[in-house]
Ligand SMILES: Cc1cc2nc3c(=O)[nH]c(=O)nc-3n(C[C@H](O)[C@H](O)[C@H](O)COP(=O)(O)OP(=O)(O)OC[C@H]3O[C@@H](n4cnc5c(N)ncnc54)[C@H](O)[C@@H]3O)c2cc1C
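The chain below stands alone and is given in structure tokens; this is the form predicted on its own.
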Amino acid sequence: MSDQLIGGGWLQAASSSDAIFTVEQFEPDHEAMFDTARRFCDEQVWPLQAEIEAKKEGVMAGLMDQASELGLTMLDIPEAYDGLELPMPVSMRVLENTAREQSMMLSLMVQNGIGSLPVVLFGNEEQKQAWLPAFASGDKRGCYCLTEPGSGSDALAAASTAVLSDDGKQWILNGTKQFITNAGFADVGFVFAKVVGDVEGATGFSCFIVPLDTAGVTLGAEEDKLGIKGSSTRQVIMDKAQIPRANVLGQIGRGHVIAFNILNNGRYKLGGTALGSAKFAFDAALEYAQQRKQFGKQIADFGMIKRKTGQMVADIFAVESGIYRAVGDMDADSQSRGNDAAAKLASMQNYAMECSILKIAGSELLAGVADESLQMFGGYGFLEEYPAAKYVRDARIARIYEGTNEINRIVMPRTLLKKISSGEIELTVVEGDESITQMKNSFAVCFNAARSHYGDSKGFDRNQEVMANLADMMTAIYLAESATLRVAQMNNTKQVHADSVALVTLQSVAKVNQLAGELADHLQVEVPP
């Protein structure tokens, strides 16, 4: 397998990256799909934002029905079950184009991801036949029930239980699930609970298909949230809820495999949709700056505003480059394995580290762009009648759900350690004066020093500050290299592209040097200049 199809292989300083996937490679028929998604959101969704935020009865459900009619709820479902089964970059770009109104975007992202893919990736044939055609058509909607009031990031500490009935025909579920997106209009939940007792030689954390009209299943009130107010977020409460024994998804005691792999899907999709929202926030601010006049000229012409717009353009370009590079690699990896459910699962496992990078990079890009967008609007940005306030409110959740950015920063070095231990990746220092090579060399020294200091066992990640520095170095390197490789492939490079790469690389080098310096002091190693 080439470096390109090994998740994290790009960290090897001696690796030679082949051509990467970029958005310039989409075909005209793909562009037509993106335009359909964007026009739907511009023409049908955005004008209803007040009704969406007020949770007016039937509005979101009606928009979801319209989205289904346009094929926007069948993006990743296999063709054998009436879905489109789009290539991963195409599916991602469709969702990106729905991101102007983030409550609607989130509802669609869940339907195309964590609210249906558990069956795609882990369901048996009977379960796939029962649910996937209905998910594709929009006749049925799913939700993902993992978080609980007492277990968020520590998902395996869930208190919900599942007990087999005395006659062995039913599962009896008890427990409460918290912050469940789409619960208000979902038909089924993928519920994680601990099997009590030994069933067929297995026990423990497992996943169940739970129709939400099951006796004993109730919903809490809609949460009053800071942002994404129009998305349904409710508790799912189970009190002696009985479901058929056949409703186990995957294997008893293997629920963690489903939970964490489905989260990988949610992470990269969150990164891509956050990118889309950042673009919409930027466009709104730029349009305002070109119309607003102070001191006799457009504020877009003032130096500080130019600096803001230039930084946002460069950041958006880099994150977009990284997102579609990773999604393109995942798709190529899946295709090379046969592109069935097992292949797609293996690909997401292979690129788990990149999924975390995309989640962090996309959500933090959106936070920065939304904030600067509001600043460019000035006092008007603080008013709800202008779009900037909504973008800021809606952006805040992106750094929390699908695994907090802090958790993802711990996941990344830990995942890399596993790949190194298995022999997939080797981090060494090589000769070279290019900026990307120098950053990779610095990372290799710091990571290997962390291994020497903390060992290769479970205690490797006990110093979270060290993990955060390593993760941030990885993200900076990945985005800078992705932007560089993208420009190298462009047929019609514009000055803005070259300038974006130059700025991103310069800032990435400075960031990596700072992080490496902090680690060098702590780990008592010398980092190459």
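Start at 1 with the first residue shown and count on from there. The structure presented is a predicted model; accordingly, all values stated were derived computationally and were not measured.
The protein also exists as the form predicted together with this ligand; that form is not presented, and the subsequent description refers to it.
For the candidate spot formed by Y144, Q178 and Q464, every residue has a non-hydrogen atom within 4.5 angstroms of this ligand in the predicted complex.
Remark: G204 does not count among the residues lining this ligand in the predicted complex, judged by a heavy atom distance of 4.5 Å or less. A residue is said to contact a partner when one of its heavy atoms sits within 4.5 Å of a partner heavy atom; E402 meets this definition for this ligand in the predicted complex. When contacts are judged by a 4.5 Å heavy atom cut-off, T273 does not count as touching this ligand in the predicted complex. Remark: K225 counts among the residues lining this ligand in the predicted complex, judged by a heavy atom distance of 4.5 Å or less. Scanning G152, G250, G138, G368 against this ligand in the predicted complex with a 4.5 Å heavy atom cut-off leaves one residue, G152. Contact annotation: of the candidates E406, E364, D82, D187, the single residue with a non-hydrogen atom within 4.5 angstroms of this ligand in the predicted complex is E406. With this ligand omitted here, the record of contacts in the predicted complex names 228-236 of 316-324, 447-455, 228-236, 425-433, defined by a heavy atom within 4.5 Å.
Interface residues of 103-121, taken as those with a heavy atom within 4.5 Å of this ligand in the predicted complex (partner not displayed), are limited to I114.
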